Each structure stands twice: as structure tokens, then as C-alpha cells.
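Take a look at this one chain, the form predicted alone, written out in C-alpha cells.
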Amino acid sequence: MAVIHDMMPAFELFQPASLDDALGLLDRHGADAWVMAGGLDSFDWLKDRIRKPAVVVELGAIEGLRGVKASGDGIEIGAMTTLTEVVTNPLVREKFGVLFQGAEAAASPQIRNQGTIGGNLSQDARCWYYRAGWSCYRAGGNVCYADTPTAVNREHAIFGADRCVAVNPSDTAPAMIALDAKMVIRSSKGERIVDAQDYFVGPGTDITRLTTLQPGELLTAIRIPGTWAGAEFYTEKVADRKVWDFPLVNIASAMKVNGSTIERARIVVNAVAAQPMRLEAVEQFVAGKPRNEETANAAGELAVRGAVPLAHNAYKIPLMRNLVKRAIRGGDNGWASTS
């Protein structure tokens, strides 16, 4: 059992004023450096002394990493843009309501004022065994404490378990994948662009992280093309508490509908696996079908095919099934828009 000290370890703090300076610091200090955006995920790790970096590189002074701007027929969002700025931005609200609603579902207004879009997308797993410093697979050990006969695993994965059963906790990740966003990643060696769907990784790829970010790299911006602007959107987050809680299951969808026929769709669920799950089989199934109860019911059943629950999270299967059905139908208890 880990001992929680609730006191930060000593570290050297750097607050670079430019992206080049930040990347230089990451190159210089390598694995000893910890990147801090809004700080909400970082402070949890540091105050409990589970992570003890020698160096913290805080990005708040880099103006170029913040803001929302038009980019062609879409938008570009700096990774240090706060969730509140995303929620209130008129371009986001007008064109990409699924992202506005996903960001608004994150935590409380006070946390959204501090938390960043890049941080929400890139935060680490929230499994309490891992967060408390237990030597699990994700922390370099040789056991998953959440997948044992006496484990508390109500919030864990029903898909893709590979030694680790922790889930991705992001509220905005499903919307980014539904919108076919592109993640802009910078290092001292240059820039690379990654599809939002490929930004997140599961334990079969690398059990020590949830994203494709490598040491020395920073997520600097998210580019959302206009492909799904004006689509019919649906989002819903189910959590134990309305604010300041992570999803038990959440969903985001974008649909192009002609009359009562679904022409095409992108549907993404989260908090059921280590990475957000795009339901491509469901998307293919509903394309060309009427948007009705029969289509919704069949899509819900298809969505949960292959789910393997743990001792205490079988409820996620009917929950996910119903969220997919609601996304196909629209309305109900979630949030739908035709931005």
C-alpha cells in the first residue's frame, strides 16, 4: 500500500516564454522533465509524491499555445487554451457543438477556468491503484491490482484489457475523434501531425502511457477541419456526480442526415477502454439506413459486441448500448444540436 504524503517533492521550475525554449529544456533534461499545462493532473501526481521529477517545465507563459482561430474551413485550437475558452468561443459553438458540449461536461466551472484542452486530452489514467503508487503493470510492476478477485473495478475497462484495465478519462477526446481532428506535435526535431484517433494508445502499444507523445514532444495545437461542421451532433456523459467527476461512459457523434436517412456518421465512446473507441462497425452499419428505433436498437447491440466486464462494471454494457441508441435517435437525455 502506498503512503500518501500530500506534500510536493522538491523540483527545479522552468517557465519558458517561447516554444523553442520549452523544447530546448525538454531536450536538455530528458526523462527528468515533467511538462505542466493547467496543472490539475500534475498537482495530483506531485502532491502525493508518486511522481518526483527533477524539473518541471510550466507552459503558461507561452502565448502562442493559446487561443482559437479560424483555419481554412475549420479551426485551430492552441493546446494551452482553457476549457472555458473552448466552451465560450463563438467559432466552436457555431460550427462544432459536439466539442463545446464535451468541454462543458468537464468538471466544474472553476476547474474549466484552469484546465486546458491539451491537458484534458493528454491526462493520465485515473485508476486509483495506479494513482496511489501501487506497483501495477502501468507503473512498471507485474500485476494489475484492478483485475483481481477482491479488486474495486467499477470504473474500469470492458474492452481491450491487456494486463492493464484502466480507462481513458478524457471528456473531450470523443468529440475530437468524431470531428476527425488533427493533433499537432512539436519537438526540437520538427513537427508531426497525428489523427486524433491515433493520438491515443492502448496497453498493447505502450502500457506506460495513454498517448503517442514521446519524451521531448509537446502537443501544441489541435486542428479541426470543416468536414463535419454543421453536422447533427450528439454528446452525453454519464458520471456519478454532475460536476467534478470523470465519465463512467461518455459518447460523441457527428452525423450527416438526408431527410430521415443517415448518410454517414462518426461515433466515439470513452471510459470503456484504455483509449477512446471509434465504433467503425456501427458507423458502417447505420450508413444509408433510416434514423429510427430499429436502426438504433441494432446499432446498440452491435456496439457492445465483444465486451468483457470485470466483477463490478457489467453495468457499463447496457449503459454503453443505450448511449449508442440515443446517439442514433438523437435527443433523449443527452445533448443534440444541428450547429
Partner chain sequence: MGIDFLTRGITPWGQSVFTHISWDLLWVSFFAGVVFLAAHSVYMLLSAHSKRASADVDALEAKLKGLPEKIQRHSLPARLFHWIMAAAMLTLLFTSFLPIVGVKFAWVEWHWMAGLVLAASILYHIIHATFFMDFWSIWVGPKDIPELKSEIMRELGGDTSGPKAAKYPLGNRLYHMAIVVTGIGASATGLFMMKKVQTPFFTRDPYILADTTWSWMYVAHGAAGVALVGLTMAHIYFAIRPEKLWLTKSMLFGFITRRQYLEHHDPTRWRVPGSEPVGGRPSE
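The model shown is predicted, which means the values in this text are computed figures rather than measured ones. Numbering follows the first chain given and starts at 1.
This next part talks about the form predicted in complex with the partner chain, which is not shown.
The partner is not drawn, yet in the predicted bound form one stretch among 181-189, 148-156, 87-95, 222-230 has residues with heavy atoms inside 4.5 Å of the partner chain: 148-156. When the partner chain is considered in the predicted bound form, only one residue from I62, A299, L310, A273 comes within 4.5 Å through any heavy atom, namely L310. Interface residue among D73, D206, E263, D195 relative to the partner chain in the predicted bound form, by the heavy atom within 4.5 Å criterion: D206. The shortest heavy atom separation between K256 and the partner chain in the predicted bound form exceeds 4.5 Å. None of the heavy atoms of Q114 is located within 4.5 Å of the partner chain in the predicted bound form.
Contact annotation: G141 falls within 4.5 Å of the partner chain in the predicted bound form, judged by heavy atom distances.
Taking the partner from elsewhere, M80 is found to have every heavy atom lying beyond 4.5 Å of the partner chain in the predicted bound form. Residues G133, W134, S135, Y137, G140, G141 of 108-141 are found to place at least one heavy atom within 4.5 Å of the partner chain in the predicted bound form.
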